[in-house]
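As structure tokens, one chain now follows by itself in the form predicted alone.
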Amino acid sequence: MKYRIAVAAALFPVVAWAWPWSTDMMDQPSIKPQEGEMAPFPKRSIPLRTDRVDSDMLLTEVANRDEAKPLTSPIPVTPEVLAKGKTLFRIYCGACHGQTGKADSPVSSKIGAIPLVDDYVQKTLTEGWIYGTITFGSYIMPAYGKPTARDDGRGSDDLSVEERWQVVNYVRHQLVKDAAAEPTKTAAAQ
């Protein structure tokens, strides 16, 4: 019986190719990664994070990024806050802006991510504007605080108010120093 199957497969390779083992999971009707626009989360989904913070000063409600512009960080800059901000930055921001904020990640040039260590971000943009961009997103950047405020519903509720301010503090008070020290670490590793 095995001999007959082998002979049939040799004589009819097209038939043998059509067996189930030739089906590739990539060739199926599904949405591929990074294909199309990100769909909004279903209405029935439950957010993993909330903006519950003990301090009332952190709960400043703003409706959009422009309203956030005059805000300043209510969280004092401490080594612990900067360490938390650095960790969050590397998790959420590093993929697009680079781990050192220099926009040197593989996708930075493809999506137009700006370098966060440049004078434009460090000296021109306010802390509130950076906070508002993290909260509401921008043209290409998803919202990490209030995705429901966007018309397209794109984004997530991943960062609490306190965590967003920690990232702002890190970007403003430590990112440039870490980026300047990075080549030294790379040279020391070689």
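Don't overthink the numbering: it's just position in the shown sequence, from 1. Just so you know, these numbers come straight off a predicted model, no measurement behind them.
We do not show the form predicted together with a small molecule, though everything after this point is about it.
Trainee: Please check if residue 138 has a heavy atom lying within 4.5 Å of any heavy atom of the small molecule in the predicted complex.
Mentor: Yes, residue 138 lies within 4.5 Å of the small molecule in the predicted complex.
Trainee: Is there a non-hydrogen atom of residue 71 within 4.5 angstroms of a non-hydrogen atom of the small molecule in the predicted complex?
Mentor: No.
Trainee: Please run the contact check for residue 144 against the small molecule in the predicted complex: heavy atoms, 4.5 angstroms, yes or no?
Mentor: Although the small molecule is absent here, residue 144 would touch it in the predicted complex, with heavy atoms inside 4.5 Å.
Trainee: Are any of the heavy atoms in residue 75 no more than 4.5 Å from a heavy atom of the small molecule in the predicted complex?
Mentor: No.
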